[in-house]
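In structure tokens, one chain follows: the form predicted alone.
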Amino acid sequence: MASAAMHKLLHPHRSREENHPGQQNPASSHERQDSAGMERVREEEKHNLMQWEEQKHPLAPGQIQNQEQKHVGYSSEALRQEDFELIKTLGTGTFARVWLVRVKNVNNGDENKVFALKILRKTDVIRLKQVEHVRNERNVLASVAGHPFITTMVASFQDYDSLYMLLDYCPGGEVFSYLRRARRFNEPTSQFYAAEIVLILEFLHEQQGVAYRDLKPENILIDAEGHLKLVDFGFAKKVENRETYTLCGTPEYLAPEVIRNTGHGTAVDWWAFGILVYEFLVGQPPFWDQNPMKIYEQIVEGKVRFPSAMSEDARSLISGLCTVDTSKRLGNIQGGAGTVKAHPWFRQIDWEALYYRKVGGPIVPHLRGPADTRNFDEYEPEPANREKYTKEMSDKWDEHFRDF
């Protein structure tokens, strides 16, 4: 976080007095000081990025909550895109592109300290009416930075036409890819991954009041040690005890209350978690059809059909989670996530050891090194002629992006 000294460097006092002819212009002197000060801050931040890569470790829930003491999740006024070498595109969306990057001009031995840099063009964010989602994503990621199983937003920053989120890099790629290759996960593997997700949802719901709202295998990455990292917080929203009505998510994972538009809260994540556990064990979600409307009909009906080979404990857990009545849904009833953690299907899990990453992951990716990208697809280069961010847009929208 920016120290008091750094704050002064970033926000120096400017003289408002007019200069008389013949006097030295104090503004130019201030500008030189500003520039030198900002350069010092910038170099210090780049140095700290290299240190963080060596020191990163899970923070206790109380430490994550303390924004002043943790050194991640901050908004930087010094970092710029040109501080990073763009190595390869890791993913693209309708208004964002994620790059594998390394900090430029680093010391020997630091070349393998890489990050993921999410770049969002302001024009696209505005055109696609995603301003509120992007702000939610940035602010939620800042508040949860340091959790062992959520992608760490180390810093965010912006320039005239783009927004940036600097994230830790997960070289293992998507859980979805491993699941498709394996067809289904065995019960111990499914239990391990499911347990890490329980710890994520417990923290988001009970410490942050946040509904994630897009739980699916494509949004879960595997890191170098074989642990999960939840990514893409574009639909995440701080709801606390209120209900929200935005229709968002992926058809097979939508909860009945989202489809009915009766208002929803964090309970939607426990429904999606039940669908996810089913997909881990079976290889496909329980509600499926080529026609999304048919999927919605099946979800609202809420009848899960289990294969005969599935264990009784697994059926019991999924049935408790995929309950149409939210007042009876496991995870949403009194006791919250504790009721899920206490379920017999998780009887082998040591929750504290798991949280602090003392238990090895069941699938450890084979990697050539920290910057290996073999688990990510190839993407087309960015289109050359992009819509410009105009002064009119800047005047209207820059206030909305001040959090960055």
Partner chain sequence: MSLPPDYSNEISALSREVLKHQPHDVLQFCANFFLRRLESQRAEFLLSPQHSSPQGRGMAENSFPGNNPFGSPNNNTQTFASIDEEEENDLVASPTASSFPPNAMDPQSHAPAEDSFGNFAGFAASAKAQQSHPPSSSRDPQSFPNNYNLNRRTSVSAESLNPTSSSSDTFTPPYHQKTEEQQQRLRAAVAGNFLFSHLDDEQSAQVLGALQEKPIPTKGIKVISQGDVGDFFYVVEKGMFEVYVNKSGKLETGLDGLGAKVGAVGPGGSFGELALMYNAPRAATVMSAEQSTLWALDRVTFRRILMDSAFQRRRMYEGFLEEVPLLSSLKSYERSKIADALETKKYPAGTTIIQEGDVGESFYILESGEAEVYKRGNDKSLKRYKKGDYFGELALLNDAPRAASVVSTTEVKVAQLGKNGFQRLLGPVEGIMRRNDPSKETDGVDPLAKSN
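Residue numbers count along the first chain shown, from 1. All values reported here derive from a predicted model rather than from experimental measurement.
This next part talks about the form predicted together with its partner chain, which is not shown.
For a residue to qualify, one of its non-hydrogen atoms must sit within 4.5 Å of its partner chain in the predicted bound form; none of N139, S162 and D223 qualifies. Its partner chain is not shown here, and in the predicted bound form it never comes within 4.5 Å of any heavy atom of H47.
Taking the partner from the other structure, its partner chain in the predicted bound form has no heavy atom within 4.5 Å of any heavy atom of P61. With a 4.5 Å cutoff on heavy atoms, T123 does not count as touching its partner chain in the predicted bound form; it lies far away.
Interface residue remark: Q298 is counted as part of the site for its partner chain in the predicted bound form, having a heavy atom within 4.5 Å. Interface residue among K88, R80, R183, K104 relative to its partner chain in the predicted bound form, by the heavy atom within 4.5 Å criterion: R183. Only one of 305-313, 146-154, 113-121, 96-104 places residue heavy atoms within 4.5 angstroms of its partner chain in the predicted bound form, namely 305-313. Residues are counted as partner-facing when one of their heavy atoms sits within 4.5 Å of its partner chain in the predicted bound form; in 377-400 these are D377, E378, Y379, in sequence order.
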